[in-house]
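Just the one chain here, laid out as structure tokens, in the form predicted alone.
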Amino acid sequence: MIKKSLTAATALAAFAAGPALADFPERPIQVIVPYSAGGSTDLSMRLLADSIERNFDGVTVVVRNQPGGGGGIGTSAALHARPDGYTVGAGAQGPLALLPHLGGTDYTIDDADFIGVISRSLQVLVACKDAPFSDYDAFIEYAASEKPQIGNSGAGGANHISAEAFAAAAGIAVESVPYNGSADARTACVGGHIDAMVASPAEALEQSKAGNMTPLFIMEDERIDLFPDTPTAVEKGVDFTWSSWKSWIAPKGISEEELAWLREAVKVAASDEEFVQKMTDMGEFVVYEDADTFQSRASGDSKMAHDAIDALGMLGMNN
């Protein structure tokens, strides 16, 4: 959890110093969510919109859902919008860092300007029931002679690519087993039909308490509170982290002044105590990342995804 580092009044005073911002925004800012209403990305963006409106008098933020194409349709609409600062997108890892490599999109990650990350969804590699390993070292040792079967929620999806990207970084080979959604993969895991899967921390905690999953490593650079005894790949010597993120992105071409306003607005809103509490209550890992940190993370994910997708022979498969 991050503490509010700027009050709205301080931020507004800073903005007032820039004459180019005196008339911005004059009308509602629209954020395009590339998924259906009611999902975690949609709910997070609505909470962020509320926080911006609460912290900046007279500012209105409207959320518009434009689902389809695995998030590609709405992301395309955001990145091809008029670059006037009034249309931004809910940036997500899948449509921005993965889909362009699979093909079928009319944009790449280079078409985006980065505003800021508001939260991330962490991932844990877990051993399934009756797996032949129960900790990181045993998993790596097993993978030296056998290909562990790692379930995922669908070929080309984020947890498929993350497992393959980790395997490449660790110098091992795995057998990815696609299922029709995360629920089916979880059912196979708790039934002992696969060796491992990528899970959310909450999912891993629930199933580990039931004796159905054992966390092997966290895909972060530091351990997390839910699993203080579970290592990261980084501390085991493998330079690998992975998490999906919720953010704001924008089309290229917005003026530097307006882009700066949007970035500061997200920073203030994402640090608001009410926002943080509501997001935390939803199970989100709330962490603000500025534009430079966000761009570095997204570019790194895109590079890892490209290499993994290429190795799988799936590069451009949707073209």
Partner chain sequence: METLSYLSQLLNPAILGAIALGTFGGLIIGALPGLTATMGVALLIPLTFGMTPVMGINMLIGIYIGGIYGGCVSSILLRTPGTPASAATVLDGYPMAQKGEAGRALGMATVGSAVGGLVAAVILATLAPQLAAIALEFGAPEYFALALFGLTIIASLSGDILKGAISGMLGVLIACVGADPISGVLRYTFGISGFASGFAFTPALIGLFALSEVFTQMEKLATGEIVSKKITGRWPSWQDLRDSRGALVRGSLIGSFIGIVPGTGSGTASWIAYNEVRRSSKTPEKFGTGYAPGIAATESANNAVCAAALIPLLALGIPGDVVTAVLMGGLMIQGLAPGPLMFQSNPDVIVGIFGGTFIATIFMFIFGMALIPLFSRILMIPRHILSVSIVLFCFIGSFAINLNPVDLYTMVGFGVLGWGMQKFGFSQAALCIALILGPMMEANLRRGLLQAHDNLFEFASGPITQLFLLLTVLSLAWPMIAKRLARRRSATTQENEDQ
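Predicted model, so just to flag it, every value in this text is computed and none were measured. Residue numbers count along the first chain shown, from 1. C-alpha atoms forming the largest set that superposes within 1.5 Å between two forms make up the rigid core.
If you look for the form predicted together with the partner chain, you will not find it shown, but the lines that follow are about it.
For the three marked residues, Gly171, Pro228 and Lys303, no heavy atom of any sits within 4.5 Å of the partner chain in the predicted bound form. Interface membership of Thr187, defined by any non-hydrogen atom within 4.5 Å of the partner chain in the predicted bound form, is confirmed. At the 4.5 Å threshold, heavy atoms of Asn55 stay clear of the partner chain in the predicted bound form, well away from it. The partner chain is not shown here, but in the predicted bound form it comes within 4.5 Å of a heavy atom of Asp50. Looking at Asp281, you'd find a heavy atom of it within 4.5 angstroms of the partner chain in the predicted bound form. With the partner left out here, the partner chain still marks one of 230 to 238, 109 to 117, 88 to 96, 207 to 215 in the predicted bound form; by a 4.5 Å heavy atom cut-off that stretch is 207 to 215. Contact residues in stretch 168 to 186 (any heavy atom within 4.5 Å of the partner chain, taken in the predicted bound form) are Glu175, Ser176, Val177, Pro178, Tyr179, Asn180, Ala183, Arg186. Superposition on the rigid core between the shown form and the other one places the CA atom of Lys209 2 Å or more away from its counterpart. Core-superposed comparison between the shown form and the other one: CA of Gln149 displaced by 2 Å or more. Residue displacement note: Ser176 has its CA displaced by at least 2 Å between the shown form and the other one (rigid core superposed).
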